[in-house]
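A lone chain, given as C-alpha cells: the form predicted alone.
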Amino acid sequence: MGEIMKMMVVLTLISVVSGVALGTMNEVTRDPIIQAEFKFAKEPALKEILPEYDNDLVADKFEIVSGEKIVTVYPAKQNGKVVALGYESSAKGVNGDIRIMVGIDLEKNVLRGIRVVAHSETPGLGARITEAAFSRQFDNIPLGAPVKVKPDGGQVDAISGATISSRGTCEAVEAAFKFFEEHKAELSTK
C-alpha cells in the first residue's frame, strides 16, 4: 500500500509541475502569437480589402461582444472619418473553421472584399478558397444580400470538388453581414 501512495504522490507532483509549466508557457507566448498572426495574416488581408486609410488600424481597433464571441474591429479612416471597417468572421468548412477577414465600405454600403486568414481545408481542393479567382467573387456585394454558391441558387462559383469549403466561405460572409446588422449602431458611433 505504501508503494501505491508513493506513486500517486509522484504522479500528482509531475502533473502539477507539468500543468504550471504549460500554463506559464501559454501566458508567455500568447501576445507574440497574436502579434504574429496580425502581422502575417490579418494585416496583409486588411490592406487588400480596405480602401486607402491614414490611421493606425491597431491603435484604433475596438472590440464588440457578439453572443459568446469577441470581435475585433479595425476602422479604416480618411482624414479622421471612418470610411470602412475590417473584421473577422468564420463558419464551418470540411475540416474545421474557415476564418475570413471582411472589408465593409460604409460609404457605398458594400462588401469591399474578403480574404481567408485561416483554414484547415484539404490542400489542392478546399484550400483553393484562398485563391484570388475565388475570393474576388465577393467584391462589391451589397450588404445584406444573400451570399450563396450557384448550386444553392446564389451568385458564387463553387470550387469544383470543394463545394463544402465554398459554402463555408459564403456562410462566413453571411455571418459577417449579420454581425454588421446586429451591431450597426455600435459600429457607427466608434
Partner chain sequence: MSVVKEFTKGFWQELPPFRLVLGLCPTLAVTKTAFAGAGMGLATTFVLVCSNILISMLKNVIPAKVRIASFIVIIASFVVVVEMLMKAYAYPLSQVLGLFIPLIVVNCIVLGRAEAFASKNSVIDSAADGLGIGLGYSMALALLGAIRELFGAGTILGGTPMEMLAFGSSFKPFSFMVQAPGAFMCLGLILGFIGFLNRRYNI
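Numbering follows the first chain given and starts at 1. All values derive from a computational prediction rather than experimental measurement.
There is another form of the same protein, the form predicted in complex with its partner chain; it is not shown, and what comes next is about it.
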Which of A36, A132, A59, I70 has a heavy atom within 4.5 Å of its partner chain in the predicted complex? A36
Of these, I64, A145, A41, L125, which has a heavy atom no more than 4.5 Å from its partner chain in the predicted complex? A41
Given that its partner chain is not shown alongside this chain, does M7 nevertheless sit within 4.5 Å of it in the predicted complex, heavy atom to heavy atom? yes
Any chance T29 has a heavy atom within 4.5 Å of its partner chain in the predicted complex? yes
Can you name the residues of 49-80 that have a heavy atom within 4.5 Å of its partner chain in the predicted complex? none
